[in-house]
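Take a look at this single chain in structure tokens; it is the form predicted on its own.
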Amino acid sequence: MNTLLRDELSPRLDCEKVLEDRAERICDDLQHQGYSIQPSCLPADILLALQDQVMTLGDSEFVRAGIGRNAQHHTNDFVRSDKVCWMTGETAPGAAWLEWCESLRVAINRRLFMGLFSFESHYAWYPAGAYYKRHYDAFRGRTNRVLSVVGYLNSEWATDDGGELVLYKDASDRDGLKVTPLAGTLVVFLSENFPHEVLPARRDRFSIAGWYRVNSSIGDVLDPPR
């Protein structure tokens, strides 16, 4: 391999190696405990691009988050009070994030044979005091969301800023595992298995959430519909 070609390929190969290493740790955690918490996981360039973009989005580009899908979708301030902006991949930061998540999907399928088929994602904005009470991302047997992914975008997040994700091991768990929403941390967990909540924060809290789905299309009905 000539020197010029090697120099061009080196950054890409380094990124691929880092992703493979992270995927290996995530898959090992998923296999043994069903969830994975990976600090400083998001690539620095993607993290910075997402941070820059989310801070420039106007209030009008966020909508009140709801619960349920399709005809059952509705807002409920008792359950959650955050706002979301769906990712379409039409901007460079969004495209980079979705491409990275696609590479992670391939890596997870290669190791765990989960059959992950598609991915949907949005920015989540929790204004000071906003919350999302204890819930599941999917219900057993629905075969919709299979694997949940959350990436955090706030730098210099202090412990007393609040806003932790609390991940419960099962329906009977009352203590849970608290995750500080510090920039670059990635949390991955089985959507059907872990109830979780977001505690109120004392300042604006930004994250990016996504869900891997399996293909449960039947006949002429496509899944997912988004």
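Keep in mind the model is a prediction, meaning the values are calculated, not measured. In this text, residue numbers run from 1 along the sequence as written.
Separately, the form predicted in complex with N-oxalylglycine exists; it is not shown, and the next lines address it.
85-93, 111-119, 149-157, 98-106: which one contacts N-oxalylglycine in the predicted complex at 4.5 Å, heavy atom to heavy atom?
Only one stretch passes the 4.5 Å heavy-atom test: 149-157.
Answer for Trp211 alone: is it within 4.5 Å of N-oxalylglycine in the predicted complex, judged on heavy atom distances?
Result yes; Trp211 sits at the interface with N-oxalylglycine in the predicted complex.
Could you tell me if Tyr131 has a non-hydrogen atom within 4.5 Å of N-oxalylglycine in the predicted complex?
Contact with N-oxalylglycine, no.
Close approach of Leu165 to N-oxalylglycine in the predicted complex, 4.5 Å, heavy atom
The answer is yes: Leu165 has a heavy atom within 4.5 Å of N-oxalylglycine.
What are the residues of 179-206, in order along the chain, with a heavy atom within 4.5 Å of N-oxalylglycine in the predicted complex?
His196, Val198, Arg205, in sequence order.
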